[in-house]
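Given next, in structure tokens, is a single chain: the form predicted alone.
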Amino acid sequence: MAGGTISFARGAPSADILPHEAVRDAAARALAEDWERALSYGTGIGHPGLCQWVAERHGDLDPAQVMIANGSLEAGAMLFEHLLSAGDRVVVEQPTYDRTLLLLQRLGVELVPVPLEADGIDVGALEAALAEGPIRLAHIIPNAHNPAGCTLSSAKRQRLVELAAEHGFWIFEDDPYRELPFEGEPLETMLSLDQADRVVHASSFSKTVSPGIRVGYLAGPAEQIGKLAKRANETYISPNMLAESIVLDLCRSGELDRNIDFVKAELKARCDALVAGLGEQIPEAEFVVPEGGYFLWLDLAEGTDTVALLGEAKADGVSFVAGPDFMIDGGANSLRLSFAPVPAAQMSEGVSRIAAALARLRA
């Protein structure tokens, strides 16, 4: 295929917008100024300096409410193992992150699917699920949802926190895209609204520095964070102290915020180009225009088989992820496009290839 494969499949930015020079310089400074900690074992809570920085980033948290992990996915897996038992009822958005579904299915919990709306989870449907029986945990991706692209409204954030306090369930606020709104400042976290110690927040530097850095964190009630840090220490002694020292230098030097501004502008240009390409070449596509992040979820006409479409599209040198991967049931006519790995100049060609595959599938 002329021009090579265009992949909308992976939730990772193309290499041209990774801050390799800033990371190189931060690594040099970390090894000059923080080398003993960077090259030694830590404890389960991770680098105390980074815990302090994260606590300050979230307003007025106590550093004891923060633990660092090797990416937010690992942190989430530890949290699930800590809080959940087989048979517990767990709310999952539909669609939701595919690896979350795999982690929860492995634990043998009962998944309770709740649909998404343009402004996040359908709170009425969640309340109906609560009326049917106790919920142990609700997994919520509030900002620039993966895969749906939507952002949870402020009113829904407040209502979810109220429901968690009233019914005694946990909210796992899975929020790796919080720092990447295209316009304005991030909305308030549910953690910041929580007065009943029912919210555990997770985020990651994978999206603000690079995926390969593998540094994420949990923030929540100090008692639960302490228990999780003990579990982490018993499992792997400490997370990657070298990577954390590099990230901390980026945070303290201001390079992190400079990179966030740069990445947001690049991602917005890519998203705008994708939205324009879909409007021109696949006008039937229905979707929420993302307000940040990496992803756009689109629905095609009923009866479309996006698994079959993916097979056709690969022959044209383009890939994406078919909808059923993110659903407990359904999603056959849906798909996820990640615009992060595709430069804006290639976006129209990528959409054109999907449109051609769709036309052949229906011929």
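Numbers follow the displayed sequence, beginning with 1. Note that the structure is a prediction, hence the values are computed from the model and not measured.
Just so you know, the form predicted together with another copy of the chain exists too; it's not on screen, but the next bit is about it.
Engineer: Hey, of 193-201, 84-92, 116-124, 102-110, which bit sits against another copy of the chain in the predicted complex at 4.5 Å between non-hydrogen atoms?
Structural biologist: Among the listed stretches, the partner-contacting one is 102-110.
Engineer: Quick check on Asn70: any heavy atom within 4.5 Å of another copy of the chain in the predicted complex?
Structural biologist: Yes, Asn70 lies within 4.5 Å of another copy of the chain in the predicted complex.
Engineer: Taking another copy of the chain as it sits in the predicted complex, is Leu256 in contact with it (heavy atom to heavy atom, 4.5 Å or less)?
Structural biologist: Leu256 lies outside the contact set for another copy of the chain.
Engineer: My question is simply whether Ala273 lines the interface with another copy of the chain in the predicted complex - judged by any non-hydrogen atom within 4.5 Å.
Structural biologist: Because no heavy atom of Ala273 falls inside 4.5 Å of another copy of the chain in the predicted complex, the answer is no.
Engineer: Even though another copy of the chain is not shown here, does Ala15 get within 4.5 Å of it in the predicted complex, heavy atoms only?
Structural biologist: Yes, Ala15 is a contact residue.
Engineer: Please identify the residue among Gln224, Ser153, Asn233, Gln281 with any heavy atom within 4.5 Å of another copy of the chain in the predicted complex.
Structural biologist: None of the others qualify; the residue that does is Asn233.
Engineer: Could you check which residue among Val263, Ile213, Ile135, Ala164 gets a heavy atom within 4.5 Å of another copy of the chain in the predicted complex?
Structural biologist: Selected option: Ile213.
Engineer: Sequence order please: the residues of 237-261 with a heavy atom within 4.5 Å of another copy of the chain in the predicted complex.
Structural biologist: The stretch touches the partner through Ile237, Ser238, Pro239, Asn240, Met241, Leu242, Ala243, Ile246.
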